[in-house]
Structure formats: structure tokens, C-alpha cells
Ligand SMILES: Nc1ncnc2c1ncn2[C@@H]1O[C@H](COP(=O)(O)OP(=O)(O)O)[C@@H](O)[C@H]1O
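So this first bit is one chain, no partners, the form predicted alone, shown in C-alpha cells.
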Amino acid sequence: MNDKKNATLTVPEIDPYFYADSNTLNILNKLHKISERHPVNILVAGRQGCGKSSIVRQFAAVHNKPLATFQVGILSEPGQLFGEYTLEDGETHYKQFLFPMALQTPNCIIHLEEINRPENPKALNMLFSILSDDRQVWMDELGLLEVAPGVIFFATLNEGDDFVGTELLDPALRDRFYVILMDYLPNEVEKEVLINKAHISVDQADAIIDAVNTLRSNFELSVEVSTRTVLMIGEIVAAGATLKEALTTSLQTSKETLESILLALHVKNGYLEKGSYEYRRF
């Protein structure tokens, strides 16, 4: 949450190498047209690291709209997005956060990140009124807050085997959203992203994609390599790391699983060098 008193909302820059499938882009264009007639809420669901947050940022950039992002995962009580009581010079004051300002900024894109992961599900109660057709909520501290014209709410949530234990989104809340499903990029697109964004060679990109495909198809290892992770691997390779070093640094898993991954890749592809380590003073 942001609590900057004089914060200003800005339009993000367009990512020249952002890719999404044509169906998703067509739906987003239609939803943008609908938003010009009446309020729209959009839920983007998909596996971790597949570009959900990036597509919200790109949508704001392409349509020249200011963006405000709020982490729902840290909310533990209703109203926490709006502000909090603080003690100043022995007196209690209500400190307004950035969220009310974003609500009242025309054409703002408001991104509610990881909407299914609040510390307390009741913390989302005040969103029901804001996301309804009325688009307003009453707070004793701030009075009547009305959502400005053109504001579009985006919510993102991770779905997949790794997130079975997270809170399911309340059906009544989910019913207020149009839903867009996203997945990882196909290999050829991932390769182009690697070359253009990580600034690596075609051969390096091919080696990374080959290694990633090996991991994604090995169900025994149970390692999910997201598009975000693929880009991280590419960036560290571009900085001069070997593929083994890049994988070791970028894959978030246990030491035992990592050793199994490297062994599997070496056996299958034979291009992961063993290497040796020398300890030096940092």
C-alpha cells in the first residue's frame, strides 16, 4: 500500500516486446470499448509468472491511462486499503492512503494484485460496493467515496497446482468481473522475447528454451518454469553467466531438486559444464 500524501499517478511506458495471444488482445479491446459506456472490472487469472501483471501495465500504457497497483496479500482487515489511524503529537489522526485518490482519478487503472490471497478474507468486504454498479462506498473517516468516470479495475490471481491452498475467490466477488485466462508463451515467442529483452544471441536463446522444455516435460522433477523465470535466465546469461550458473541462480527450488535438474539436463543435452568453485574474499 502506498501512503504518499502528495503521490501522483503516472502512465506506464509501453513495452515494445510484450506479447499476448490474439484472442486475449481482442477481448481486451472489446472490454475497453465497453468501459467507455459503463464501468468494467477485469480478472486476469493464470499460472505464476505468465505475464498477468505485465498485461495490466501494458493495457494502461497502450490506452494512456494512469496505473495504481495495490497488494491485496497484505490486507488483514476491512478498510485497510483506504488508510489508517496514526498517533501524532499525542493525538489520533486518520492517514489516507493512495487508494482513495486512485478511486477518484478519472480513467485510472486500479490493479488489485493477488486478490485471492488476503490475510483475512473479510478484508475484501469493502470492495463489493466499489465493484458494484453503484461504484461508491461510505467511510466515516472520508465520507462518500465515488469511483471516478472511466476507472477500470483489474484483479490478478495465481491459479495452478502450486496455489491449491490459497483462498478461493468469493463467488459473489468473482461474479463482478469479466475473466481472462492466461498461460505461458509458446516457445517461438519466448525465444523472441529472450533475444529482444535479454539481448542474447539466437544460439543462447535456443539453448535456454531447450533446457526449459526439458524441465517442463519432466513430471518427476515437478518444476514449473515461468516466462518470468525464462527471462531471468536470459538476463544472467547476457551478463556473462553460463547456462548452468543461470539455471542455478534463477530456479527457486531446493538444493536436492536443483542437483536432480542439473543432472537430468546434463544427461539429456550434455551441454552443462561441471565447473569448479574457488572461494575468494568478496
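If you're wondering where the values come from, they're calculated on a predicted model, not measured in any experiment. The first residue of the shown sequence is 1; numbering continues from there.
Another form exists, predicted in complex with the named molecule; not displayed. Remarks below refer to it.
Enquirer: Within 4.5 Å, heavy atoms only, which of S35, N218, S54, T253 is in contact with the named molecule in the predicted complex?
Expert: After the contact test, the surviving option is S54.
Enquirer: Since exactly one of V223, L43, C50, V237 fits, which has a heavy atom within 4.5 Å of the named molecule in the predicted complex?
Expert: After the contact test, the surviving option is C50.
Enquirer: Which one, 226-234, 210-218, 60-68, 22-30, holds residues whose non-hydrogen atoms are within 4.5 Å of the named molecule in the predicted complex?
Expert: Of the options given, it is 226-234.
Enquirer: Does L181 make contact with the named molecule in the predicted complex, using a 4.5 Å heavy atom cut-off?
Expert: So L181 does not count as contacting the named molecule.
Enquirer: I'd like to know if V193 sits close to the named molecule in the predicted complex, meaning any non-hydrogen atom pair within 4.5 angstroms.
Expert: The answer is yes: V193 has a heavy atom within 4.5 Å of the named molecule.
Enquirer: I'd like to know if K197 sits close to the named molecule in the predicted complex, meaning any non-hydrogen atom pair within 4.5 angstroms.
Expert: Yes.
Enquirer: Does the 4.5 Å heavy atom contact test between A148 and the named molecule in the predicted complex come out positive?
Expert: A148 lies outside the contact set for the named molecule.
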